[in-house]
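In the structure tokens that follow, the same protein chain appears in two forms, which are kept apart as structure 1 and structure 2.
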Structure 1
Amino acid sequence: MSHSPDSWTILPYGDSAFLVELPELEAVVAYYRGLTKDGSHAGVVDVVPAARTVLVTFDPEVVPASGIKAWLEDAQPAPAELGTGRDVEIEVAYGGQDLAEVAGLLGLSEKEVVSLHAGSVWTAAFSGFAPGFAYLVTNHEKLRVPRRSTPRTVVPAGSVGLAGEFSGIYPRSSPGGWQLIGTTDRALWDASKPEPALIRPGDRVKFVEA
């Protein structure tokens, strides 16, 4: 992975935002950490990571666009230990509908899949799909599996799944094509709280077998 500023592109996004394009998800996570590790920059409204981009919105009455662009150009990617994310522990009752299929795809036993999933530290790379849903990544690809060939019309809230390089938890009942390996009772989204999302970008997630 390249950490050089030459590997990203900073584009104006209206008159109060910039979109930073990066070459890969790992670079997005590191760059996002670099932007947020010292707290919020004056005038910045939000920093929103996605799969290959980081959107930065700002208040032009507080800081000029040139100041934000210079800040983005000077930002240095940061390793995990310098991140500002919180540690979030999620209890999971493993034994999801697709656990056996996942084990077969990976050439592992179901117990080995559970141990590997619970034994890994996951980082919330970005949010999307539904309020409270975080795309979680870890530092290996031993649990990389394809999405289901036929998505389910209904996936229960609290379902813990795998798809591609990601793990995630469905915050509400919805259609979905992820491979389901367990369930949790934790609420992922509570609109009555000042911070509605249980898991936010940059947070470190540890799954614990219930």
Structure 2
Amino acid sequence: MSHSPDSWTILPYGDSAFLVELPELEAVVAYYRGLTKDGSHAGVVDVVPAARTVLVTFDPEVVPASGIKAWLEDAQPAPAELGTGRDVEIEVAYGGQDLAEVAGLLGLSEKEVVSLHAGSVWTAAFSGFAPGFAYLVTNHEKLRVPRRSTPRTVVPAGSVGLAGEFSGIYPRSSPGGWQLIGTTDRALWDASKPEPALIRPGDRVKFVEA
């Protein structure tokens, strides 16, 4: 699969970073996968995917900016089926505080919301908000709901939510505006492990009804 080089734009970001801008989230996921599937480039510190961009930071004492720019220009986006991410299964007790409201917003029954959520394969597009919080996307928009108009001051750790095109799990208790449809006991972030995040960008996530 080849992409024309003009399908992404490389924006300047100081002396030790570039910001790659892509047309849509799906392109970000493929570009990120392509950049990271064979490990990273020498001197690269972070590769941070987001909704429309990938930020790449590097150590200019190890690699010149021109080397990183060439690497970003020549990257080959990798389609989802070639993903190297891991498969993560997460048991969810459905029935969160907003399940009825979500069903109402979507014109579905609560049962249909649950089977759509548990029946879809989700991909971790990017992280943020809190360590271990992954923004998950799937290949349809049947579960697209707005955030709550008033965020909650406390959302318990393990809450499974929906917001916009994303699903996500709160790694810790925090304020939050996502619509809550269930809870899980899995630890999303365990600082004592060498790999503290349960879900990393590029991973595929399957929810299982507990």
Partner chain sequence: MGIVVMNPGPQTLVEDLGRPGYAALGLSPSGALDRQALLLANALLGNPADAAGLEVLLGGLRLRFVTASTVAVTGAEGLVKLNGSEMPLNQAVRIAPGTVLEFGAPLFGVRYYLAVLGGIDAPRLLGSRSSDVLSGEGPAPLRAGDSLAVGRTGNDASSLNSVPDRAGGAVPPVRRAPDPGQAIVARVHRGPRVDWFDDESWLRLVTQHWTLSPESNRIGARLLGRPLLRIRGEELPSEGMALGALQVPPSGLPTVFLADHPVTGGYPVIAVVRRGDLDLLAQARPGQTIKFLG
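Numbers given to residues start at 1 and step along the sequence of structure 1. Heads up, when I say rigid core I mean the largest set of C-alphas that superpose within 1.5 Å between the two forms. Just so it is clear, the model here is predicted, and its values are computed rather than measured.
Shown as structure 1 is the form predicted alone, with the alternative form given as structure 2. After superposition on the rigid core, displacement of the C-alpha of F18 between the two structures amounts to 2 Å or more.
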